[in-house]
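First, one chain by itself in structure tokens, the form predicted alone.
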């Protein structure tokens, strides 16, 4: 049975000899209407291969397994992993892995892979970056994240929030916000409002290109105060090559990293790669 209030979460965690752990970012969903809305937005199908990151007490897992899909749940908490194994594996279409998702290879899972997660706030950026870098077999990704992070995912060229995440997601995905979730929908309550966000991967580039583009883009933003020329010269360890490359692309040498569009970064990567 899914837990539906704080009292039930505490009782269950006590039975497991545990408590919600801040180091794992454990804020459990307890609002059943919102849980149903999330599942409705994700639309799990029997033919799907689904990865759930951080299933916790199984609020979403129960519905995913009930859809008939093949579900892989990666849970870092040993006690919660054992709980899910005991209580939700009866249908035979759930595999529970007790592991840190950051140490898990997405390529080990069936493709195409659909991913869903109530992302722990303390590793949000790391998980999104991981999925970007290993996105070759990922179909889509629906996740809960603090509302403020969405500004970075959707950031426009020239804004303070614009950076590697916005650039890569623009190149690789089509994204949209689904709904906001009040803090009261969780226990313990986080200090922020959450947003459900959905990414559909377009797969316009192979995994080699994705890794190369991401490596280049992150390097260009290591020092936002420096010009694109200075950052590129450091990246290439060659000032002349940096100047010639930017001139060929029509990019002014005093341009700041946040002033270049995703398409220009793609052109920059391909220009550099064509010389190898």
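What you see is a predicted model; the values in this text were computed from it and never measured. Residue numbers count along the first chain shown, from 1.
The same protein has a further form, the form predicted in complex with S-adenosylmethionine (SAM), not shown here; the description that follows concerns it.
Asks: At 4.5 angstroms, heavy atoms only, are 136, 167 and 206 all close to S-adenosylmethionine (SAM) in the predicted complex?
Replies: So, no: the whole triplet misses S-adenosylmethionine (SAM).
Asks: Counting only non-hydrogen atoms, choose the one of 75 to 83, 159 to 167, 107 to 115, 146 to 154 that falls within 4.5 Å of S-adenosylmethionine (SAM) in the predicted complex.
Replies: Result for this chain: 75 to 83.
Asks: Quick one: from 100, 193, 177, 200, grab the residue that has a heavy atom within 4.5 Å of S-adenosylmethionine (SAM) in the predicted complex.
Replies: Of the listed residues, the single hit is 100.
Asks: Within 4.5 Å of S-adenosylmethionine (SAM) in the predicted complex, heavy atoms considered, which of 88, 142, 123, 181?
Replies: It is 123.
Asks: Taking S-adenosylmethionine (SAM) as it sits in the predicted complex, is residue 119 in contact with it (heavy atom to heavy atom, 4.5 Å or less)?
Replies: Heavy-atom contact with S-adenosylmethionine (SAM) at 4.5 Å: present for residue 119.
Asks: So in the predicted complex, does residue 50 come within 4.5 Å of S-adenosylmethionine (SAM), heavy atom to heavy atom?
Replies: Because no heavy atom of residue 50 falls inside 4.5 Å of S-adenosylmethionine (SAM) in the predicted complex, the answer is no.
Asks: Would you classify residue 65 as touching S-adenosylmethionine (SAM) in the predicted complex, given a 4.5 Å non-hydrogen atom cut-off?
Replies: Residue 65 lies outside the contact set for S-adenosylmethionine (SAM).
Asks: Check residue 29 for me: does it contact S-adenosylmethionine (SAM) in the predicted complex (non-hydrogen atoms, 4.5 angstroms)?
Replies: So residue 29 counts as contacting S-adenosylmethionine (SAM).
Asks: Enumerate the residues of 55 to 71 that have a non-hydrogen atom within 4.5 Å of S-adenosylmethionine (SAM) in the predicted complex, in sequence order, or give none.
Replies: If the 4.5 Å heavy-atom criterion is applied to S-adenosylmethionine (SAM) in the predicted complex, 55 to 71 yields 55, 56, 59, 60.
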